[in-house]
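Consider the single chain below, provided in structure tokens and representing the form predicted alone.
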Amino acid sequence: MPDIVVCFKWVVDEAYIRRTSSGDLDFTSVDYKISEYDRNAIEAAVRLRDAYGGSVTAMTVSVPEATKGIKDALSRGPDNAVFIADPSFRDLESSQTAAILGGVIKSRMSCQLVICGEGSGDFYAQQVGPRLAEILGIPCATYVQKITIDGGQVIAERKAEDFVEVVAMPMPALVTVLPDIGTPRIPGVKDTLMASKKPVVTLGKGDLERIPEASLKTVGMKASRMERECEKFTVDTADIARFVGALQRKGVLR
């Protein structure tokens, strides 16, 4: 009966991001949500608990106003939650997030399996899971599309480019999961009401050990822009030569 910790991130809902005339991103009217990839992670954790027993703890590092995310996560099936919050945690990068999660798990929790989404819905760095496994000193499997538990082992099917790799790891272990792991459930009214009654441990910056300085700094973000140029040509030799010449002048062909 494994005790599972599932990590999730409270991210900007991209549907509310607007683009300004200068190409900047406008976040003034955004709402937030649990990262889509982490919804898959929560679903995977809850299904494993239902199949093998144990418990599921949802854990996140965010700002104090992200309590809505805790309730949303708990409405999706976890038994309890750990909310690590501080106003300074708004712009953490992957190494800092992993260090905070790792410190809390090592000092305060006992679990046999940690599940993360393959990446986050905002920066998609795919760093927190592997970094967290390194901090905890446990084996890690990434891009997992199926998980089973056999005794004291986690059996994970990893999706590669053109094949599936099956790995067995002794627990405790960590996996990062793909959306293929399962479709997240949609919480009903009863689930949302029950979420308010589930236990939540809230930790602040003062409860943590040293937090590493950020290695990366975001100096700005611009909206992507795609420009297309159409070049028409016929099967005439001279026309083809003209088209090839145009590509060479633009540096497409050398």
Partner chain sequence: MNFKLSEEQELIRKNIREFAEKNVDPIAAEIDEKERHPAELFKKLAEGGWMGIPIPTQYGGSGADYLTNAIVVEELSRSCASTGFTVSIHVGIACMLILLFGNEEQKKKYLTPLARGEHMGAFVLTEPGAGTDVMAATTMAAKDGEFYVLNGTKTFISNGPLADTYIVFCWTDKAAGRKGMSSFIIPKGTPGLKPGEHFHKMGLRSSQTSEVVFKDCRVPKENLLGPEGAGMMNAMTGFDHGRVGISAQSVGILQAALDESIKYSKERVQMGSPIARHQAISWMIADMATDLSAARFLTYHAAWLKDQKLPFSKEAAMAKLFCAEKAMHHTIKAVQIHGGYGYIKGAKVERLMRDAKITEIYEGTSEAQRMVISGNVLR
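Numbering follows the first chain given and starts at 1. All values reported here derive from a predicted model rather than from experimental measurement.
This next part talks about the form predicted in complex with the partner chain, which is not shown.
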item: Output flag, Asp13, Arg39 and Ile186 jointly within 4.5 Å of the partner chain in the predicted bound form, heavy atom basis; value: yes
item: The partner chain contact in the predicted bound form: Asp72, any heavy atom under 4.5 Å; value: yes
item: Interface membership of Leu193, the partner chain in the predicted bound form, 4.5 Å heavy atom rule; value: yes
item: 4.5 Å heavy atom contact, Arg49 and the partner chain in the predicted bound form; value: no
item: Partner contact for Asp31 in the predicted bound form: the partner chain, 4.5 angstroms, heavy atom; value: yes
item: Options 62 to 70, 40 to 48, 198 to 206, 214 to 222; stretch whose heavy atom lies within 4.5 Å of the partner chain in the predicted bound form; value: 62 to 70
